[in-house]
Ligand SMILES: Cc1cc2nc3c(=O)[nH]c(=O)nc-3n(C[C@H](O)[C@H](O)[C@H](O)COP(=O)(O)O)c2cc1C
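So this first bit is one chain, no partners, the form predicted on its own, shown in C-alpha cells.
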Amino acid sequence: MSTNKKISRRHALKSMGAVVVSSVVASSGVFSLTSFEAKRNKRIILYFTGTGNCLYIARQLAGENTELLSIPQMVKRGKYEFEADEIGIVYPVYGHMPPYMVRQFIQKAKLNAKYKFAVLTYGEMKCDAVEIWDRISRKAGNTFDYIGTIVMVNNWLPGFDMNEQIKIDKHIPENLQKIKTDISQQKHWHEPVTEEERQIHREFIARSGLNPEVGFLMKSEKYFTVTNACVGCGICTYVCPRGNYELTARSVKTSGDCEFCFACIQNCPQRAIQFTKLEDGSFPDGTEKNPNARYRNEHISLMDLKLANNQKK
C-alpha cells in the first residue's frame, strides 16, 4: 500500500468521532424530531355554514393536523379562545357582509396564532367584503394576515334559481387551489377592492335599508312560514344555527333572531318552509326565483349540517 493512501491516527480518530456523534444525534431523534415538528404545524379552521359551501371549503383547506370547528357550536359552548400555529375562518358573505353570528364571535374571540387567514365565500358579487372583514376583525383585535374570497353556488333564493346556479362552472377547483397554495406558503395578502365595488355596496345598503353594522339579522317569525306540508321530521330544528325552530304537538313553529342563512328552507325535504310574502315594502319582500328548487353543497351531507349547527342541549 502506498503512503499517500494511508490514514493518520489523528484523522482516523476524528472520522470515528464524527460517526459516533452522527449516530448519537440520529438515535436521539433530533433529525426526526425537526421533521416531525414541521409536519405537526397545527391549524384550526373555524367556519359558519348554512348550505354546506363553507364547510366544504374548510375541509379542503384542512391539512393533516387541522381541527375543524363550527362557529355556532363554539358560541353554544361559550368557547372563544383558541391557540394554534395557524388559525383560519371561513364564512359566507350576505350582502357583502359577514353573518351576524360571525360578527359576534370575532368580537369576543381571542385567536392566538402566528398566522391568521380568512376565506370568504360568495355567489355573485363580493364587493368590499374583504375590507369589511378587515375593519371588523381589526376593531376586535384580531388582525388577519390573509383575506381572500372564492365564488360558489349562489344560494340567495329570492334572486337566483338553484337549478340554474348548479349548472354554472365557477372554477371552484382552480380558485381553491390558489388559496390552498397561498395559505400553505403563509402568504400575507388582502384581496384588492375597487372603488366601484365600494360604491355598489353603499348603494345596496341604501336600497335595502340594512344596518351595515348588523347586516342580515332578521326575525324568523316575520320572514318564514311553515305550511301544512310539514310532516314534523324536525330537520329544521337541527340545521338552524340559531335554534329558531321548535317541534310542537301540531307542527313546527319558528321565532328569534335569524341569520338568513337559509339552512332551514334549503334543507326541508317537504319544502314546507316558505318565505312570507310581505306587503309593507320591506326587504326582502318574500318573493322567490324558483320555489321548487333547493340547494345543499353536493359534498356535504344533511348529517354534516346537523352536527355543525345543532343548538339543542
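The numbering used is simple: start at 1 and walk along the sequence shown. Fair warning: this is a prediction, and the values are worked out from it, not measured in the lab.
Absent from the display: the form predicted together with the named molecule. The rest refers to it.
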| field | Three-residue site I45, T66 and I87 fully in contact with the named molecule in the predicted bound form at 4.5 Å by heavy atom | value | no
| request: Choose one stretch from 189-197, 88-96, 176-184, 102-110: the one whose residues place a heavy atom within 4.5 angstroms of the named molecule in the predicted bound form. | output: 88-96
| request: Answer for E83 alone: is it within 4.5 Å of the named molecule in the predicted bound form, judged on heavy atom distances? | output: no
| query | Taking 4.5 angstroms as the cut-off for heavy atoms, does G123 touch the named molecule in the predicted bound form? | reply | yes
| message | At 4.5 Å between heavy atoms, is S137 in contact with the named molecule in the predicted bound form? | response | no
| Partner proximity in the predicted bound form: T149 to the named molecule, non-hydrogen atom cutoff 4.5 Å | no
| What is the one choice in M74, V130, I172, V153 with a heavy atom within 4.5 Å of the named molecule in the predicted bound form? | V153
| Quick one: which residues from 248-274 get a non-hydrogen atom within 4.5 Å of the named molecule in the predicted bound form? | F260, C261, F262
